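Here you get one chain, nothing else, as structure tokens; it is the form predicted alone.
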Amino acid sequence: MPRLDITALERELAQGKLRPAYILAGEESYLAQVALGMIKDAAMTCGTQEMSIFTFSARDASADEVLGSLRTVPLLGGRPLAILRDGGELAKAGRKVLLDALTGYMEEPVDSSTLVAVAEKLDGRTRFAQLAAKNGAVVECKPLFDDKLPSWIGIEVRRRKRQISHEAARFLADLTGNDLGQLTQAIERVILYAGDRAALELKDIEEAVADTHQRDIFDLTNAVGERSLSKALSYLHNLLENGQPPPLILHMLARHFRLLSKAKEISGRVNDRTEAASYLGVNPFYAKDYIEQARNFSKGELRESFRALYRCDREIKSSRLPRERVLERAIMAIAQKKGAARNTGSAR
């Protein structure tokens, strides 16, 4: 059962491989939108005309409409492309006729057509899903982990006919975080800043994206990593006063401590900054600072830090306490440690 991420899908389509069926499954709707756009572009490259692209909703589409579009021979060549949105609706009793028809079709799909089902949630145990995966592919559209963001940025930049190095993409991911909508806006800003230049460079990102609020988040995570409680609380209050949402602040703290935990693993064993950066998945400029900050915590203290962040996440979602108080308490639990050392790194 082929399961592709967005990078593998791009690679396949660039090689001219267009499958007869795809399921775009997962809650990251923006990623599903990008994957669908890539499949449509690949079909157009094969000669498909707009009149041979059909869009349906699983809420109300008839089996005859969907299957008829897939079995239509385009007058102007190319391959028919049927897009079935709201695929999760297929699980409802009222959609059984459509589901059964699609299941029968997937027993022996038309090789010269492509069916794309888009579903935030789709039961992979159904016969339809299993056959579609067997004769096509499931494209996972889940929120991306930090280490996958540079590849995704590369895809988005290439779709806009520009180029970006992995190092620059990683720096942009470090600055922006894993919200794909915000990342897309950041990419657009960098492209506008770069003008007609084909290659996006580190300095473009620094000038176009690294605004004050983003720098303040990194100042906060660094202060916690340095175990400078007064600085950390000052940065926290400034962020909250300027409208930064507590879940984003918590996400960045958790990300920072995941990196410190990884840095702890290689402390004393890896001295080369480039090698350390590759292992951590960060820009080489910041690798040394993560390793220095990791020395401020024992392995046990790092485990306790994750417990404090987990409690903070749970309380932000369920407690009646003000979110500011919840974040303050978590930061105090992490940074206010007996005998803590203090560094002056600027890890990002």
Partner chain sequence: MEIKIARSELQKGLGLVQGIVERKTTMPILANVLLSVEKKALSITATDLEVGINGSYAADVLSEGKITLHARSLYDIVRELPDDTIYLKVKDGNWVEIKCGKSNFKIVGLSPEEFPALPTRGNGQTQRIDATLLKEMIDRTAFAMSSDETRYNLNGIYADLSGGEDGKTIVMVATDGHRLSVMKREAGSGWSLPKGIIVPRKGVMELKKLAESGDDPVDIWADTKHLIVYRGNTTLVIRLIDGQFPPYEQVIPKKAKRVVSLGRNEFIHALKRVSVLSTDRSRGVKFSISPNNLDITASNPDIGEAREELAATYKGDAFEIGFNARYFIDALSSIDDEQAVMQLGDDTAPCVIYSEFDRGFTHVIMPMRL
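Keep in mind the model is a prediction, meaning the values are calculated, not measured. Numbering follows the first chain given and starts at 1.
Another form exists, predicted in complex with its partner chain; not displayed. Remarks below refer to it.
Contact annotation: D100 falls within 4.5 Å of its partner chain in the predicted bound form, judged by heavy atom distances. Its partner chain in the predicted bound form comes within 4.5 Å of a heavy atom belonging to M51. Contact check for S113: a non-hydrogen atom falls within 4.5 Å of its partner chain in the predicted bound form.
Contact annotation for L192: none of its heavy atoms lies within 4.5 Å of its partner chain in the predicted bound form. When you look in the predicted bound form, the only residue of P74, G88, G154, G177 with a non-hydrogen atom within 4.5 Å of its partner chain is P74.
Of the residues A308, C46, L302, L67, just one reaches its partner chain in the predicted bound form with a heavy atom at 4.5 Å or closer; this is L67.
Note that among 30-38, 54-62, 308-316, 284-292, the stretch whose heavy atoms approach its partner chain to within 4.5 Å in the predicted bound form is 54-62.
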